[in-house]
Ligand code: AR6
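Only one chain comes next, encoded as structure tokens, the form predicted on its own.
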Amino acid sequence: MSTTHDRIRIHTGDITKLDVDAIVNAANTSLLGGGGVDGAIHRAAGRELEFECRMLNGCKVGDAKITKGYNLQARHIIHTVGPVWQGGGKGEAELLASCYRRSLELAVANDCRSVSFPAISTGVYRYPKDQAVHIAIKTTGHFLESSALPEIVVFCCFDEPMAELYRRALSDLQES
């Protein structure tokens, strides 16, 4: 039997190119595309994604919604809206953890065996990277302890320094 940390992988590269059942999009509340990962996913998936997203009537911070993957290798895109960092006293940690939980719940509900996450809220939303990574790893680890799906969770990092933060957080999870 595999342990929880064996099901978590760290990858450096382009999330739009991963061959997984679902990729998670760090979306804005409109779900209609934006900058960073959100814009890259919308461009790679194609125009049909925007049409489907228009039908979803947006998404609240901390929640998630799912669409088809269109031109991506991934069958699905799970759109989640992370919190904007406002100093840490406005419930940001709970909202960020909720993004991971809700995304994983949608992955399970749609029979996704593999899912990949970007570093939600760490770009233009300015969430401190070390804190965001800790929340991502801890929340995902707890979820996987009680769920057979997804079998693999990939944290896809834009660069090596971010991947190193994930590796350290995963190592801390293994030791606890």
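Just so it is clear, the structure is predicted and the values come from calculations on it, not from any experiment. When you see a residue number, it is the position in the sequence shown, counting from 1.
FYI, the form predicted in complex with this ligand isn't displayed, but the following is about it.
> If we take heavy atoms and a 4.5 Å cut-off, which stretch out of 23-31, 64-72, 138-146, 106-114 is in contact with this ligand in the predicted bound form?
Every other range fails; the passing one is 23-31.
> Using 4.5 Å between non-hydrogen atoms, is Asp14 touching this ligand in the predicted bound form?
The answer is yes: Asp14 has a heavy atom within 4.5 Å of this ligand.
> So in the predicted bound form, is this ligand close enough to Val124 to count as touching (4.5 Å, heavy atoms)?
Yes - in the predicted bound form, heavy atoms of Val124 and this ligand come within 4.5 Å of each other.
> Look up in the predicted bound form whether Ile120 has a non-hydrogen atom within 4.5 angstroms of this ligand, and give yes or no.
Within the cut-off, so yes.
> Decide whether Met162 counts as a contact residue for this ligand in the predicted bound form under a heavy atom distance cut-off of 4.5 Å.
Yes, contact at 4.5 Å.
> Among Ala45, Cys53, Cys59, Val37, which has any heavy atom within 4.5 Å of this ligand in the predicted bound form?
By the 4.5 Å heavy-atom cutoff, the listed residue in contact is Val37.
> Select from 149-166 the residues with a non-hydrogen atom within 4.5 Å of this ligand in the predicted bound form and write them out in sequence order.
Read in sequence order, the residues that approach this ligand (within 4.5 Å, in the predicted bound form) are Cys156, Phe158, Met162.
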